[in-house]
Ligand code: NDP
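As structure tokens, one chain now follows by itself in the form predicted on its own.
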């Protein structure tokens, strides 16, 4: 039996991870769960899984959560320190990092420092502090197992044992594939939250619509698989059946395929190095007779270009890009800016940042804060 803790148990990945646990017939024990604000769901998860710890990120909700689960034996924690305590719990075998944004960085580092394997669904951890995270992974000798469907696909393809000459990340193209810049001027929040293939949280759904999500995945792939930007390619694949591919030196292409279902990459990470039979619908090729592929439109969806630029610049620039994006997306979700303002704000903010090459965790925190402040300043906030 593996003991696991889940950072972000109330989100899309977190709830699906707990579903995998329920299907596992006792192969996993949940030691800790954390959420941001959803007290009702945290209470329900606490009662169902009886974890040792439950933590709420929003410190203002600590008393509400404590009261809600007061009749259980679960210890209630709060804030970033609470998340780090859950992550570092000595009996964890693996920690699922699925919080949204840079909030997952410190708890993930705490888990690695404690010697725990990481199932990483929080791409921002590597985007903002790739050097720090990968150096600590090597120092502690723990496994970093990707949960993003694209990176899980590459991870599975790499089990062939050969070093790839190229990584090929697939992208759905989001809800606005084929649209022009002029078309995007009319986009509403409701439009942007309609992803054609995946059911995800609001922030990542907007990132998919702007294609920033794919840009962040390029940066994540660089750190996960030790590949340079020129060797990472993005291909728009509307059907989301091929989750990503690798190209070998002899020209062969290996691909991982399947229905769009996050429970598969979650299971790959949790059960690793074993492969477990899970009750998913069998893939039917006859239902998918046509698979299409296109070049991404980096002029219309310039967030992808900005992410590449940030990775090429290096240092703290990817962290700054991420912070600016989080701030801009939050403004869009609050309907304070237009959809097309997101890349414009990020681009203008990036021009004001001087990247730090040999950065520390403190530099990362300050860079993230600076990015958010600059974006707010740009809109007069």
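Residue numbers count along the first chain shown, from 1. The structure presented is a predicted model; accordingly, all values stated were derived computationally and were not measured.
There is another form of this protein, the form predicted together with the named molecule, and it is not shown here; the text below is about that form.
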Which is the contacting stretch out of 312-320, 62-70, 330-338, 33-41, given heavy atoms within 4.5 Å of the named molecule in the model of the complex?
33-41
So in the model of the complex, does residue 296 come within 4.5 Å of the named molecule, heavy atom to heavy atom?
no
Heavy atoms within 4.5 Å of the named molecule in the model of the complex: does residue 148 have any?
yes
Residue 124, heavy atom within 4.5 angstroms of the named molecule in the model of the complex:
yes
Although the named molecule is absent from this view, report whether residue 367 comes within 4.5 Å of it in the model of the complex, heavy atoms only.
no
Candidate from 128, 99, 170, 210 lying within 4.5 Å of the named molecule in the model of the complex - any heavy atom
99
Given that the named molecule is left out here, which of 103, 156, 300, 134 has a heavy atom within 4.5 Å of it in the model of the complex?
103
